[in-house]
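Just the one chain here, the form predicted alone, laid out as structure tokens.
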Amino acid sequence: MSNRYAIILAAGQGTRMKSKLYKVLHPVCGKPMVQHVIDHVNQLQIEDIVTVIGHGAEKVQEQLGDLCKYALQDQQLGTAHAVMQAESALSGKSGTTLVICGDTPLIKAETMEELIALHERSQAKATILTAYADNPTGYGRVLRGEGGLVEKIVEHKDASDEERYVKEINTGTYCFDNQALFSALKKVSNENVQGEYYLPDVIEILKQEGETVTAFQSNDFEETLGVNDRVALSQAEQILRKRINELHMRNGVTIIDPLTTFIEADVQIGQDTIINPGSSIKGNSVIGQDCLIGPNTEISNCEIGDGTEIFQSVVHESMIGSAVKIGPFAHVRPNSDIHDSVKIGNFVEIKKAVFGKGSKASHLSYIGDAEVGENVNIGCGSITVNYDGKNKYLTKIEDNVFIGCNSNLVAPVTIGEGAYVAAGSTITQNVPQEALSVARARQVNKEDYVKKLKFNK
């Protein structure tokens, strides 16, 4: 196997997106388009990846970091001109160079590998990734000759009536012999209406020099979709979402209604987990086996153990143990750590809190900036009063504590192990172990008082 290189074209402004966000950074299934491309390319044993970026593309560098090298295209003068910008990084090296656009997030790594493998087997100077299009209008046609070798690429506007019947189209992804590529690029002309340098002209130059040009046809036209506007962006989202859902289902996950289930690209889900309709699972979430998720649940960047149930709730950036029950209508906010067998019930909000094994907050509570021990029961309507208007403070509830309904725990405060807090108490001082704390006014009944009130009757 020869050395392999890749050039990712990510310098286009994307004016048709009508967006302040750089085109290749628009997300598809939760990940920027260009990140999808580079993640696929990174599966191919590539020695050097060069991403060609344009002005204002610092955010592309922020996104991709040190996953690749960068080349700057100061002026947008066409695809061949963009590839030329990688010359200082790759010129003179021997091997195979993959050229792919940063707005093609659906091309699979397997397809790229097959493209490169055909290129290397045939010892071609260039190989084109093609696809079969039922309606090829607007696409460049790939015309093959003897032995299936490529004769030329003809743009739709330049094609004859006979050539327009050809349904094999150029996808804009190529493999080249690296040295032949940069040699041919020096001969590309910009003598056209747009005054730009076009990469398909390299194919014509190589053919004129008698070199071999081959083509590999993808068996899936959809994967070659280039995203140039919001309509294509939504199409890419649908295609990739279907692909992701099918992969999970084939791996043993039950998805009741794939059309209303949104799972982002990097999510991992264990076998025999059931995802109910209206659920959205985002980021780098990892969900264990035998879980029940949804309906109408949002999970983002969480790690969830086995056998946990989360329904009609929102859970973000938190650790959730096994055999946990969350919902309905619960909200677990970032930096929470919910241990095994915990119950977070109806209309309970958890924020930056640890819940020990077997503890419960079943109804209408807010627990923020807290350390809750094991086997703690937090009664309905109880809250940690963690904010004084300027700073936030910690509430610590030790093991086996019972917090009565409608209690306020004013932080910083510690409730000792095995203590009881009476319902309706406002606790402002630490409670010792095994103590009963009652912090409320004594009840006073004034008999017959209502008769003295002058209500209109």
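So that the term is clear: the rigid core is the largest set of C-alpha atoms that superpose within 1.5 Å between two forms. It should be emphasised that the depicted structure is a prediction, and the values quoted were computed from it without experimental measurement. Residue numbers here begin at 1 and follow the sequence given.
The same protein also has a form predicted in complex with a small molecule, omitted here; what follows describes it.
Residue contact check for residue 101: one or more of its heavy atoms lie within 4.5 Å of the small molecule in the model of the complex. At a distance threshold of 4.5 angstroms between non-hydrogen atoms, residue 276 is out of contact with the small molecule in the model of the complex. Proximity of residue 16 to the small molecule in the model of the complex: non-hydrogen atoms within 4.5 Å are present. Within 4.5 Å of some heavy atom of the small molecule in the model of the complex lies at least one heavy atom of residue 228. Proximity to the small molecule in the model of the complex holds for none of 304, 318 and 350, with the criterion being a heavy atom within 4.5 Å.
Think of it this way: in the model of the complex, the small molecule has a heavy atom of just one of 379, 327, 200, 95 within 4.5 Å, and the residue is 200. Residue 78 is the only one of 78, 270, 373, 345 with a heavy atom lying within 4.5 Å of the small molecule in the model of the complex. Comparing 212-220, 233-241, 133-141, 292-300 against the small molecule in the model of the complex, the single stretch with non-hydrogen atoms within 4.5 angstroms of it is 133-141. After superposition on the rigid core, the Cα of residue 114 moves by less than 2 Å between the shown form and the other one.
Taking 2 Å as the criterion, residue 154 counts as shifted between the shown form and the other one: its C-alpha moves by at least this amount when the rigid core is aligned. For residue 230, a C-alpha deviation below 2 angstroms is recorded between the shown form and the other one after rigid-core alignment.
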